[in-house]
Ligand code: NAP
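Below you will find one chain, with nothing else, as structure tokens; this is the form predicted on its own, and questions on how it binds or moves follow later.
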Amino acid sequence: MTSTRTRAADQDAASTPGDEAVPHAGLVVVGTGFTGLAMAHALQQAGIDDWLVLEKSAQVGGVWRDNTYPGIACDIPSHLYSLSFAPNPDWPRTFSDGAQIWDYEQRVARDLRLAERTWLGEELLEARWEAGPARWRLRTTTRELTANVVVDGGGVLAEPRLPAIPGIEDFAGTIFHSARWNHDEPLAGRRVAVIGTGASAIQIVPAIQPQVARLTVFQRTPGWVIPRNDRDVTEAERRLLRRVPALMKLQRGWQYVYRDGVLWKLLAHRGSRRVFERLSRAYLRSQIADPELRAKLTPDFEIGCKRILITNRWYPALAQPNVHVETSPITEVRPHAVVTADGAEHEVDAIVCATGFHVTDPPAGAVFHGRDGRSLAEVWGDSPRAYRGVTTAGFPNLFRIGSIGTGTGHMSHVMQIESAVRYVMDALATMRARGLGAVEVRGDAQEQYARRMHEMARDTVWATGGCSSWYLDAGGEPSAVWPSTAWHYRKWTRRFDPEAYVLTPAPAP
């Protein structure tokens, strides 16, 4: 990033003939979730002044702003699911709920004075690379601007995936996705269907079960469940953490080492997975007395192949008399019912789709158009790839963080985000030091990296565990995830590697 002409994009205009006072920024960050916060902090620490943030919503935040369904909570310990530069001694629970995490994000944003740099209500609709001036031309909801560098922090849990079921558009009752919860439609006393049994459903079902008249849970495959060691954090504990901040760092470090160690055991060691499976089965037996229901809830794939479900409330909710777990596949939706393959018609008043997100086919795939005019989606095809999980050949000066190839499944994604931010900041430092206008990962370096990722993933549970999960792309590759530990990813992104990139000098002013 070489432009230092402006303090804010509104104060400057691009100089290319034909542009009519189009604002320009040296760097644009997309999104105000954890990636946006981490980038803002890093840019401030580096003394970089020419940047701004685009946020599609009227408020800062990402996943934890948009997801407001009943029972929403994080399955990563609070101190581990925090930014390293913003420790929080006042987490009220060992595992925080969604509102508490969003409050935390808003506080960090205020501390960073992010509002001064953010265009709220401006969704990035299109971005095209212009080779001559070595910059991106961006079109948002109401405006247009240019930027030398774009950092996309939109992530992969942004666009809900609705199920493609015949007749679903003709349903006469209430229907919505868990990530777009309709709080204007009360479910109390109604017959409700929940489609899905993943990380969102296991929180929604226990929260709404006491209120609804009848709850039908449509399960495609059961998940492995382990109990969550959640509790209130006492005021004495919080007071101690405020007085001795080093204890927070120690606690976070211990949680990091423990979780990363467990992740490695699950990924690469079948014997260790067998131990976890026995523990999970024992927990299932202790919670579900009905042998028929217990059989429905017993997975037939290896633990870790799908995201492990960490909850104390899921099994007790499913055992309630007003809950039915349906395992026959859904064949169609009628105006007042869901029909399954066994011919049964399940009459419902409302449908909640807890069916995940567009992970390996994110909306950003259609937004960014690279050097040859093709979009990310066109370049990726069925198997998206990103070098170091950050850059893509053909898309100069575009860094995408927390997206393809960085997920860990069972580790704090905040750790992955901060590792990638460090890589981007080193890239920016290299550009400044060498007077570069653009950096673009070489195609051969990207292919070599993709082959290495394939080799690393080949023997992990994600590839061999016998399940179909959102980790897998349309080509059957676990492209959504990083096939090793968070520590390993941090090591791989500790510095920018210019030898893997095409380096273009900055154009003459």
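When you see a residue number, it is the position in the sequence shown, counting from 1. Just so we're clear, the structure is a prediction, and the values are computed from it rather than from any experiment.
Another form exists, predicted in complex with this ligand; not displayed. Remarks below refer to it.
Using a 4.5 angstroms threshold between heavy atoms, residue 434 stays clear of this ligand in the predicted complex. Put simply, residue 462 is far from this ligand in the predicted complex: not one heavy atom of it is within 4.5 Å. Although the partner is absent here, residue 134 lies well away from this ligand in the predicted complex, with no heavy atom inside 4.5 Å. With a 4.5 Å cutoff on heavy atoms, residue 367 does not count as touching this ligand in the predicted complex; it lies far away.
With this ligand left out of view, the stretch that reaches within 4.5 Å of it through heavy atoms in the predicted complex is, among 382-390, 240-248, 220-228, 256-264, 220-228. When you look in the predicted complex, the only residue of 207, 377, 73, 212 with a non-hydrogen atom within 4.5 Å of this ligand is 73. With the partner omitted from this view, the residue of 82, 148, 406, 200 that lies near this ligand in the predicted complex is 200 [heavy atom within 4.5 Å].
Although this ligand is not shown here, in the predicted complex the stretch 274-310 places heavy atoms of 306, 307 within 4.5 Å of it, in sequence order.
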